[in-house]
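Given next, in structure tokens, is a single chain: the form predicted on its own.
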Amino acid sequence: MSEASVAVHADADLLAQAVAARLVVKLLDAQADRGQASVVLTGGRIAAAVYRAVAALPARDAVDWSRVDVWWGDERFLPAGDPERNETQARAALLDLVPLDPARIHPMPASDGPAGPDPEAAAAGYAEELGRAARPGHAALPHFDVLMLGVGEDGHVASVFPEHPVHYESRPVSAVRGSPKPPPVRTTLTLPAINTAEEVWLVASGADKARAVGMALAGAGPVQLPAAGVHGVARTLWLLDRAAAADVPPRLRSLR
């Protein structure tokens, strides 16, 4: 388990630009090291801003996008193309603008997909897809170079909500029913799967996130505050704007 480090940027726009630059560098480093790269995407306002910032970076063209695998950390179980799906957001902001290999884009199933309207079947199908991409005989999951997460006001990450039964799930992917945040039905990577990533980046902006961020970094229990229970194998990085970092102890902050 890696110790958390914190980088604080002045505002949400600068945060998005900084995360975008970090992501391009991380993908380039992974390709230099392994010949390919793998990223797990998240959803939300700040994530969309990051994806737009990546698309606007001239350095994006240094990445060989045909050798990037794209996965998702969670998804709203809605029909394909629904504007509320994280996939739809990411495609519009970035994925449709770079030359990715369609076979290496791995969206979580939609409610009108091959698994039909059964989120448990959809979760099982995504777990099987992850397993097929893993190194044979070595791992149940593929290598994730970086896994990005937003942080909810209640401290949820992906679709792992406080005190929700999915917190205790050991399978890599789970259906989520009764989500406290609409829509009520989702699919998500579980904490054990999230914590296999080489690097985990928690990205948060806005004063409404400050309490959850501060509590997570102060050592809150992960059942009550799932953001406190995620970590990368090599690195855990909190990327915040000043508003979201208001309750972070000064000794943990690295100002940008």
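When you see a residue number, it is the position in the sequence shown, counting from 1. Everything quoted here is computed from the prediction, not taken from an experiment.
The same protein also exists as the form predicted together with a small molecule; that form is not shown, yet it is the one meant from here on.
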Quiz item: Arg45, Arg34, Arg52, Arg211: which sits within 4.5 Å of the small molecule in the predicted complex by any heavy atom?
Solution: Arg45
Quiz item: Which one, Pro142, Gly125, Pro172, Gly150, lies within 4.5 Å of the small molecule in the predicted complex by heavy atoms?
Solution: Gly150
Quiz item: Which of these stretches, 71-79, 128-136, 95-103, 108-116, has heavy atoms within 4.5 Å of the small molecule in the predicted complex?
Solution: 71-79
Quiz item: Though only this chain appears here, would Arg177 touch the small molecule in the predicted complex if you measure heavy atom gaps against 4.5 Å?
Solution: no
